[in-house]
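Listed next as structure tokens is one chain, alone, in the form predicted alone.
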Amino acid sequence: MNMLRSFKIGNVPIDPPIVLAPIAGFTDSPFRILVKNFTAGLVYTEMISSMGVFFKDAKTFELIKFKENEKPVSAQIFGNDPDKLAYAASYLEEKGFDIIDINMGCPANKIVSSGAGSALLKNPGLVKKIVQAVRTAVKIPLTVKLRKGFSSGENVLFELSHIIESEGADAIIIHGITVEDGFKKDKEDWESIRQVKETVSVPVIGNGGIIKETDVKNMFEITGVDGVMAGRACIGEPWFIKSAIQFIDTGIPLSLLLSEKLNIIVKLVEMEIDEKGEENAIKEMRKFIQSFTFGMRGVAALRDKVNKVGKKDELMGLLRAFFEVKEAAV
């Protein structure tokens, strides 16, 4: 089995077949570029509100910025109104996105209570209308991201995946866990992903429970999916996809020096500043630095200091001092 064989979503080649998940608050343009530089086959925007696009909300429009070196890039939209979703998809197609993805799996209370995200898992009829409307509105490839079900023990994948395929979607992304089971790794049901892969003709991307490089390999082997989507694993290690590829090829994950990790953080700081300005970028970097330094000794003191700085030079000084001490102790 050639796990790293490229595939296509519609007419868009996905190579390598490991992609970056859409993650609210993290997968902005600078972070997508950073992960793309480590060989992601496809990157996704944060979730984009179809209502926000329709009513031209300024914050929503910030989420749709992307650069050519991110391509291929997919815009993930959410909502529960077929017409508004179709409008948003058409607008984003005009902006140059390569793929439109409809989120039908987000478990966040704010999204679910609005009738969007994973709330749609309860309404197959509305799922059909939404996919039909968006498919009619755009010529670029269309995908849908699902969860296994809403309630623990439920599995709606077979019914919904066939509705989605029949209405013209070009691929299905499946998180094999229910909303009630959250993100518990021991509740991930990859067998349910395999079953869908065996019964649909469009590509399937497996998602969920991807923490280590071995998980990527296991997902390919167990489910037979065309691609694997990695999310949380990339937040603290934006090189994770490249490491997973190396692990599949050689059995050895990528190992970076502390100085190399520092350079990656510095690069992200610079890109965030270019994109958002110094003040906003430094605030944005706090969550990234927390992820990049997770588990390192003395990190609590670093985070406390980072949370108080507002200038690039101050932040860079703190990071360099922290990593130099760590490197000297190795």
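This structure is a prediction, so every number in the text was calculated from the model and none was measured. Just count from 1 along the sequence shown to find any residue number.
Just so it is clear, the following notes concern the form predicted in complex with a small molecule, a form of the same protein that is not shown.
Picking from 264-272, 282-290, 43-51, 301-309 the stretch near the small molecule in the predicted bound form, with a 4.5 Å limit on heavy atoms, gives 43-51.
The three marked residues, Phe7, Lys36 and Pro72, fail to reach the small molecule in the predicted bound form, with no heavy atom of any inside 4.5 Å. Shown without its partner, this chain lists Gly231, Pro253, Pro141, Gly149 as candidates; in the predicted bound form, only Gly231 has a non-hydrogen atom within 4.5 angstroms of the small molecule. Under a 4.5 angstroms non-hydrogen atom cutoff, the small molecule in the predicted bound form has Ala24 among its neighbouring residues. Remark: Ile130 does not count among the residues lining the small molecule in the predicted bound form, judged by a heavy atom distance of 4.5 Å or less. Although the partner is absent here, Phe183 sits close enough that one of its heavy atoms falls within 4.5 Å of the small molecule in the predicted bound form. Taking non-hydrogen atoms only, Asn207 approaches the small molecule to within 4.5 angstroms in the predicted bound form.
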